[in-house]
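Below sits a lone chain in structure tokens, taken as the form predicted on its own.
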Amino acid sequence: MLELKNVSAYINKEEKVLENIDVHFSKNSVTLILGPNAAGKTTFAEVLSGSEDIKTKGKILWNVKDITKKKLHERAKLGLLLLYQNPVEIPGVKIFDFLYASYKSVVKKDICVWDFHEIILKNLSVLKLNEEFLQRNINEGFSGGEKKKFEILQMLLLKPKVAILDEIDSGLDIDSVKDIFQIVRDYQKKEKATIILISHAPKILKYISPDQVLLIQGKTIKEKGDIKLAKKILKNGYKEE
């Protein structure tokens, strides 16, 4: 479904942060991406999503079609969504207005505001959020948990075929982590979606069972495997190169 062929990534046009990435993400699967801090995991997520801050070489394929030059909003319309580790505050922009505009752009352009309101209320209940949440400015004064719930709310509304979750478990207490991953598991099963989880904490295995595990280290994918690889890392840690 989603494939990277010999992809390298650069910031500031010259500084190489990832190199020679070859990987395939199957439909209706869960991939766990592990790696130490500053290994390039977030950059990898931005490469997939189409961030304009990252320059890439190589090919990114979506159902065999080359989408390497497509921008972030174009990839979102295809069904690829990145949920950020540290989403930014956007003062003056109400959550409801942002989500309504996003929904019309990505899912159904002619939906009326009342129909959308009914849809969003159902998803708020899943996340145990009240309706007043919709009138807050995006991420302004949010706790870590509220930021993560807002990211998950976007996933539930926009229904991406591929959802990239960048350390969605970081900064959350144990109960919140359990709740978030239950929602992610339910979404993946219902929508038959491809989930890409990025983390540096192998304890994530308590909450989700990946079909594929990738270790990013030294600017590239150092190892590929299944859950056995993740368990090995859990036991031995990240070995220095």
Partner chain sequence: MATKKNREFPKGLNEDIVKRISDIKKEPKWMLDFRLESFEKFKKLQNPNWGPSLKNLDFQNIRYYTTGAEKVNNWDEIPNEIKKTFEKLGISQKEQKLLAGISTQYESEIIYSQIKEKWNSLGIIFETTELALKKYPELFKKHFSQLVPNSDNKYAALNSAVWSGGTFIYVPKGLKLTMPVQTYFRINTQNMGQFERTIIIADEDSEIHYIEGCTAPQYMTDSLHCAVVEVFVKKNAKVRYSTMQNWSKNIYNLVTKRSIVEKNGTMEWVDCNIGSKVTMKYPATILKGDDSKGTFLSLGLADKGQIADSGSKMIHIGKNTKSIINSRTVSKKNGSSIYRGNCRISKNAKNSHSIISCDGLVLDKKAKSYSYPTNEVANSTSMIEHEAKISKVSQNQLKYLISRGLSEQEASHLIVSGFVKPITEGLPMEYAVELDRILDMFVEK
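Numbering follows the first chain given and starts at 1. The structure displayed is predicted, hence computed values, not measured ones.
Here the subject shifts to the form predicted in complex with the partner chain, a form of this protein not shown in this document.
Peer 1: Answer with yes or no whether G171 is in contact with the partner chain in the predicted bound form, where contact means some heavy atom within 4.5 Å.
Peer 2: Judged by the heavy-atom cut-off of 4.5 Å, G171 is well away from the partner chain in the predicted bound form.
Peer 1: Verify the contact flag for G92: yes if a non-hydrogen atom of it lies within 4.5 Å of a non-hydrogen atom of the partner chain in the predicted bound form, no if not.
Peer 2: Close contact exists here: in the predicted bound form, G92 approaches the partner chain to within 4.5 Å, heavy atoms only.
Peer 1: Under a 4.5 Å heavy atom criterion, is D97 part of the interface with the partner chain in the predicted bound form?
Peer 2: Result yes; D97 sits at the interface with the partner chain in the predicted bound form.
Peer 1: Decide whether L156 counts as a contact residue for the partner chain in the predicted bound form under a heavy atom distance cut-off of 4.5 Å.
Peer 2: No, no contact at 4.5 Å.
Peer 1: So which of Q212, S51, T194, S199 reaches within 4.5 angstroms of the partner chain in the predicted bound form, heavy atom to heavy atom?
Peer 2: When the partner chain is considered in the predicted bound form, the option within 4.5 Å is S51.
Peer 1: I need to confirm a contact call. Of I120, V162, V106, L134, which residue comes within 4.5 Å of the partner chain in the predicted bound form, counting heavy atoms only?
Peer 2: If I apply the 4.5 Å criterion carefully, the residue I get is V106.
Peer 1: For the interface check, one of 203-211, 22-30, 180-188, 66-74 should have non-hydrogen atoms within 4.5 Å of the partner chain in the predicted bound form; which one?
Peer 2: So the stretch in question is 66-74.
Peer 1: Counting only non-hydrogen atoms and a 4.5 Å cut-off, give the residues of 129-165 close to the partner chain in the predicted bound form.
Peer 2: Contacting residues: I138, N139, F150, E151, Q154, L158.
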